[in-house]
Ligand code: GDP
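Only one chain is included here, represented as structure tokens and corresponding to the form predicted on its own.
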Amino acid sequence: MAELPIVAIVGRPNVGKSTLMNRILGQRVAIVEEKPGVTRDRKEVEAEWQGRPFLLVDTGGWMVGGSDLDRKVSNQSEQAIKDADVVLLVVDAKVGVTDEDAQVAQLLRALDVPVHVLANKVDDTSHEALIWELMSLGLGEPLPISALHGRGTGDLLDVIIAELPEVPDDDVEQSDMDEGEGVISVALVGRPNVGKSTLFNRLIGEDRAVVHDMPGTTRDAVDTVVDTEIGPLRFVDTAGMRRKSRIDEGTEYFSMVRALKAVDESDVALLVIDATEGVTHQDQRLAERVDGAGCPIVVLLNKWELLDEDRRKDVLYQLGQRLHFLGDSAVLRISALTGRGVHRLLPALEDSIDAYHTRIPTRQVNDVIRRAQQAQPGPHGARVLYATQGAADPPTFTLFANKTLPASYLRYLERQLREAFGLEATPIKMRVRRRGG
């Protein structure tokens, strides 16, 4: 991603950081719920005000002490602060200054960048007197805002862009390119706690996603563009997906919605499976959902090094039984924690991407269909008169037939096309049009 100025939103949990991010962006990008700890990872989104682009970073709540997970979330916030050109410290004006607020302020006072205290939840003029208590943080005069209702956010943005460093034109152009169609999007999907975030951090080369041994740590989709030997790739870490019947809270529901949206918008999906638990029915249902999105799938059997030889054979058998509908999709045995086997991921992605974008000349398509029909004629006189590839991403073939083709025969023709053009690992679509209708 281009070197845009960074504006970091920080503060203790549940003061309205994600609500402010959504307000600035004008859409619900960050998950918001009225309880602490919903945001855990750093979420970076490009924003713009008065023609000035910048990178807006939402962070998890900064906490003093707490659990191991709390400390990891706090570390994410501290990293965002170090990278920022402008820092926004959000404080709940109705609650006043807490110990956590004071600790964050102490950290921010040592910075050599502009820091603004935002007195949030000042919904009208009658509450503006509450802001003066926040002067004790030693970071200057607080700015009264209401992230929920939008009060004061326009003035805040004017202040922010006045302090942002200038962005060279070539950086802006590079940012536009990053957001363009030339960047392949790769979604990491899987059940909760199978190692997606660990793999995500290894792929991008830094600890962007919070990794913890508690299921459901990732609540939102987090993405980063990485320059690789096969070109720029946008890796998207998603929340773990469970069956709808197991989803019992609003946050998890919206996490699932974001994860499914990320899959639908991706070019390739990495289906991460915990090999120590085998291929579960939940993995099967998730694979069906991802396969239905129409993008190629690379299956990653994570934690492979923890299995003995007999258990490995059992997992591979389960894979063939429960994920047979994925055809010849690449299957990699890896360890996201140690990095073992991860080097084979880029070649597998390149093969999947190439097949996904394949365009085949009409003459070659018809040659394959003609030979297939000569080897095995269609039942009851059914015959394909002409065939063509109508689209790519994924490869889509249109068959013009004299009558309805039975599903079994259509699968036979699909298999012939896959084998002839090396499309075994990518989804393809088959459309049949009857002559004269």
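These numbers were taken from a predicted model, which means no experiment stands behind them. Between two forms, the rigid core is the largest collection of C-alphas that superpose within 1.5 Å. Each residue number is its position in the shown sequence, starting from 1.
Beyond what is shown, the protein has a form predicted in complex with the ligand; the following relates to that form.
Contact annotation: Pro427 falls outside 4.5 Å of the ligand in the predicted complex, judged by heavy atom distances. In the predicted complex, Ala147 approaches the ligand with a heavy atom inside 4.5 Å. Mapping the unseen interface onto this chain, Pro192 counts among the residues with a heavy atom inside 4.5 Å of the ligand in the predicted complex. Of the heavy atoms in Val117, none are within 4.5 Å of the ligand in the predicted complex. Stretch-level contact analysis of 363-371, 316-324, 303-311, 290-298 against the ligand in the predicted complex, using heavy atoms and a 4.5 Å limit, identifies 303-311.
Checking Lys82, Arg109, His357, Lys94 for any heavy atom within 4.5 Å of the ligand in the predicted complex turns up a single hit: Lys94.
Interface residue among Ser329, Thr224, Ser185, Ser335, judged by heavy atoms within 4.5 Å of the ligand in the predicted complex: Ser335. For Glu350, a C-alpha deviation below 2 angstroms is recorded between the shown form and the other one after rigid-core alignment. Positional change of Asp123 between the shown form and the other one reaches 2 Å or more at the C-alpha, relative to the superposed core. Superposed on the core, the two forms barely differ at Val365: its CA moves less than 2 Å between the shown form and the other one.
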